[in-house]
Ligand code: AMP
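The chain that follows stands alone, in the form predicted alone, written as C-alpha cells.
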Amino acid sequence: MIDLHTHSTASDGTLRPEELVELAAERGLSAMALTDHDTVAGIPTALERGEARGLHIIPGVELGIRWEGGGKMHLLGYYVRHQDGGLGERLGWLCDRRRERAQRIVEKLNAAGIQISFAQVEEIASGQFIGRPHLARALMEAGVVSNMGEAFGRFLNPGRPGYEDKEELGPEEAIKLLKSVGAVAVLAHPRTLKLDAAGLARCVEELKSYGLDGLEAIWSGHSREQMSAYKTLAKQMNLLVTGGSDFHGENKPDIKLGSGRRNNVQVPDSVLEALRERRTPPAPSGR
C-alpha cells in the first residue's frame, strides 16, 4: 500500500521529514509522497531517508488555490523537480505571504484581547512556513483553548475573530507551474469544494483544460459513496485516480499514516504505476 498525501514539519505536520519516512517504513508502506503546503523544503531529507530505508519517496507539493467558485481548492503535484529555481522562487513568494498573513492574524487576536506574539508563533513553526495550525498551537500554549479544534472553531476559521484570507495562485497558474516542473497535477479532496455532482463535473472539466491529470478520490474525509462517485467521475474524464491520508501527525490525531480515519484509506500500488506513466520527463539538454 502507498500514501500520496502527507505533511511534515516543513509545513504544518508534527513529524520531521525523516521521522515521517521512518513511520511509513514501520507501517509497511511501499511508497509515500511528501506533499507539504507551498514548500518542497522537506523533500531532500525525505529522499535521503527513503533511500536508506528502501522506501520509494515521491517528491510532491500541495498548493492552495484562489478559486472564483468559492470553497477550498488544493492541488497536489507529484514528481515535482523540487530543485527547480523557478519553482523555488514561486513557493518562496507564497511562504512570504503566509508569514504576512500570520502577522495580521496575531494583530487581530491581540486586538480581541488574546495575548500571543508573532515570535511565539515563529518559534512553534521553527521554519519558513507558518500556517494556522502553528497559531492554534500558540493559542493552546497560552491557555486560551484546550485543543486544535477549539482554536479553529473559536478564532481561526472563516468568520472568526482571527481569520485572515491569504494570497494564493489561481488554478490555471498553479497547474501551469506544476507542469513546468514535470509534475502530475491532481485535484485534492474534491469534497471540500462543496459542489453538487454537476458543479464538480464543470469544475473538473475546467481544470482539465488547464492540464489537470487526476482526482484524489481516496481521502480520509470522503465517505465510501463519495469515493465511488469521484472514481467514476475520474474514469469518465480520463483522469487518474489517486489517494492519500492527508496525515499531519498530532495536528490531526484521528488520521493515521497509510490508513486514514478508521482505516478508510487504502491506496494500492497500481496507483503509483499510473502516476509514473503520467509524469513528464525533463527535456533533454542541448549542446
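A residue's number is simply how far along the shown sequence it sits, counting from 1. Keep in mind it's a predicted model, so treat the numbers as computed, not measured.
The same protein also exists as the form predicted in complex with adenosine monophosphate; that form is not shown, yet it is the one meant from here on.
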R132 versus adenosine monophosphate, in the predicted complex: is there a non-hydrogen atom within 4.5 Å?
yes
Could you confirm whether N251 comes within 4.5 Å of adenosine monophosphate in the predicted complex, counting heavy atoms only?
yes
Examine R104 and determine whether its closest non-hydrogen atom to adenosine monophosphate in the predicted complex is within 4.5 angstroms.
no
Applying a 4.5 Å heavy atom distance criterion, does L200 contact adenosine monophosphate in the predicted complex?
no
Only one of 76 to 84, 180 to 188, 93 to 101, 210 to 218 has heavy atoms within 4.5 Å of adenosine monophosphate in the predicted complex; I'd like to know which.
93 to 101
State the residue from A125, M148, L193, L169 whose non-hydrogen atoms include one within 4.5 Å of adenosine monophosphate in the predicted complex.
M148
